[in-house]
Each structure stands twice: as C-alpha cells, then as structure tokens.
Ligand SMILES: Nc1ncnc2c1ncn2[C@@H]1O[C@H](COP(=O)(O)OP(=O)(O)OP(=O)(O)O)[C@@H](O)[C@H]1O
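Shown below, as structure tokens, is a lone chain in the form predicted alone; questions about how it binds or moves come after it.
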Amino acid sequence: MIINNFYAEQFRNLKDVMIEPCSGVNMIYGENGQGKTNIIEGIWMFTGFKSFRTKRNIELIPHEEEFYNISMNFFGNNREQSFQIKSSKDVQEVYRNKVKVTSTRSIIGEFFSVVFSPSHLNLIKGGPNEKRKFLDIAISQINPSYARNLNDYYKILKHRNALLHNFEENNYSEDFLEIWDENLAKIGGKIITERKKYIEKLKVASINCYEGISEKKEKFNLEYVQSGKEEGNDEKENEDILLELLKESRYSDIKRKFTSKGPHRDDIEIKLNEKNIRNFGSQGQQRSASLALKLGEAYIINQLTDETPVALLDDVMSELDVGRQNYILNELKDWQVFITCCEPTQVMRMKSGKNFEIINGKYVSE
C-alpha cells in the first residue's frame, strides 16, 4: 500500500490540507494541538473503521462548520485507487473510485493500515474490552466477513439482553431464550474460531517483534482466554460448547439481566517472563509489548494479503529510547510510514523521507 496524496477539508482543525507523501518515512511535525494527529486519524478512516479517538462522527466536524471532506489516492491491490468520505452532522457519503457505496463498511479490507498511538497502551493497561476491540479490528481488516459476523452477533446479543432485562417482570418461560441462544452460539462459534486462529499467528509474529525490541532479554507470550472453561478445536465444537454454556448460565443471566458467556466476554492474556504484564510489567515493558502487538498485526496483514500496510505512528518515537527507535525504523524501512512528533530532530537519523510541518491546521512547509 502506498498513499500518493491525502486531502482534508474541515476535518477537525484541518482547514484545507493536501500532502503528497513519499513511499518511505513521512514526518509530520509541529507543536501540540496543531493538527498532526488529525492527519493520521483521517488516513485511518479509509480502513473503513471508526476513528481510533472517538466513536462519534460529529466530533470530527468543527463546531462552526457543517461537514468534513477527506479523500485519498493510493496504490493497492495492483492498481491506483481513490477513496472519499464526505460527512455532514447527519449523513455520511462514501465513494470508492468515484462510485458511491453504502457505507465505510463497504471499503473494509481494501486499504490496509496499522495505527499506534499512546492510547494503545490500553491494550496492556486496559481491560478485556480494549483487547477484544484490537482483535476484532485486526481480523476484520483481513477478513471482512468477520466484521459482518461480529455486527450480527452484537445485534442478537442486544436482543437477548433486552429480553433478560424484562424477563422476570413479564414472567417469561426460559424457552423464550432458546432461539436467541442458538443464533448467538452459531455466530459466536465462528467468531471464537477466527479469533483463535488469528491469535496463533499473532503470537508468533509479536514474540519475534518483542525479541527484537528487547534484544531477546525478556520472554513475551499471549493466549486467548474464553469465558467458558472448555475450548473447541473447530467451529462446530466452539458453537456446541457456547450453546451449552448459554443454557447452563440462563438462570444466572436472568438474575443478572445480561449475557455472561460468549466472545463478548473473552480476553487475551499477555505475559512477560511468565507473569501478567498488566500487573507486573514496567512502563517501558508495557509500551514495548503494545508495540510488538501492533507490529505483529502489520506482519500478519503482509503475510496474508501480500500487501504492505501503511504504518501510522502517532507521537510514539519521542517516548522510546534510541535503540528502540532504531528498531522500529529499521523494521519498517521498506514500508510507507507516517510519524507525528513535536521535534523532527528526534528521529532525523533516517537518511531519506519527507517532512510536513503543520501549524494551526495548515501544511506550511516541507
């Protein structure tokens, strides 16, 4: 994947910004609050997923404006392509190669990117929800059908939870839950199976990355942890096990008024030297682990699609020592990379690349 140009109009504080990046390392620099991260965020939007900073599209439009418009020309899947997103506060329009499509979900799996920002430390410091979110987005990029299954799963889960919420008041029979349990288990079995397959690939890739970052001084590992004790070996087994778990937990679910078993409750256990890194890892170790996961994600995209994802590194390099900066830059030397920072001299050891200075939402120099 190579971005040829990116344009943003009224996207957050970006007023009328056009950049033409090189195929290597692109440095976006400027003081805090000038709009550097907004460029990274705008590029990420073309993966088809929501912003990594907010769930609310309205927050991307400046208060005094009525819409935003972002577009990008890039080379991917062996051809030149263009994407555009135009959004008012009520309506979003998405165009693929100048043809209108139904939504941003229609372009999932066509532009590959991996983003790392300080907020991604929540992969290590945060709860299971942050790790599930990371896993779901990573798998959806390479398998758009997974995103559809996930969407269907949460629709069914919402209905089941609504039924549980009013179950005792309406004096329902437990048989009312049967159809919801069967549908939830069928799709949930697919989700669990895909997650476990992905985790096995991610384990290999991220362990290799962590060994490089730590110079093999520490042992990194991760495992997928299901909300039930049993684990299936294939999709049918995972479906059957989940259905049994849902049936076994019906009484407690009715009392709690929510669904307690399923992939929406699963977790990733991340360990360093056989200990839970969230509880026992230092700040530097936790940062290195989150970087290893994101680099592992990038390598899997490359392996499975033959496409090199665009790497988006938001305010990351300045928080790493020189050795770890060099590792990141060396590992990504053949990739298109966007790095935001306040001082470009922090990573100016690179021999080639382009610089973009952003002041008050405008590109002012190169």
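Residue numbers here begin at 1 and follow the sequence given. Worth saying up front: this structure is predicted, and the values here are computed from it rather than measured.
This next part talks about the form predicted in complex with the ligand, which is not shown.
Residues Ser117, Asn122 and Glu130 are none of them found to lie within 4.5 Å of the ligand in the model of the complex, as judged by heavy atom distances. Put simply, of Gln303, Asn330, Thr54, Asn32 only one has a heavy atom within 4.5 Å of the ligand in the model of the complex, and it is Asn32.
Of the candidate stretches 304 to 312, 322 to 330, 42 to 50, 55 to 63, only 55 to 63 has residues with heavy atoms within 4.5 Å of the ligand in the model of the complex.
Within 4.5 Å of some heavy atom of the ligand in the model of the complex lies at least one heavy atom of Cys342.
Among heavy atoms of Gln336, none comes within 4.5 Å of the ligand in the model of the complex. Thr37 belongs to the set of residues with a heavy atom inside 4.5 Å of the ligand in the model of the complex. Not displayed here, the ligand is approached by Asn13 to within 4.5 Å at the level of heavy atoms in the model of the complex.
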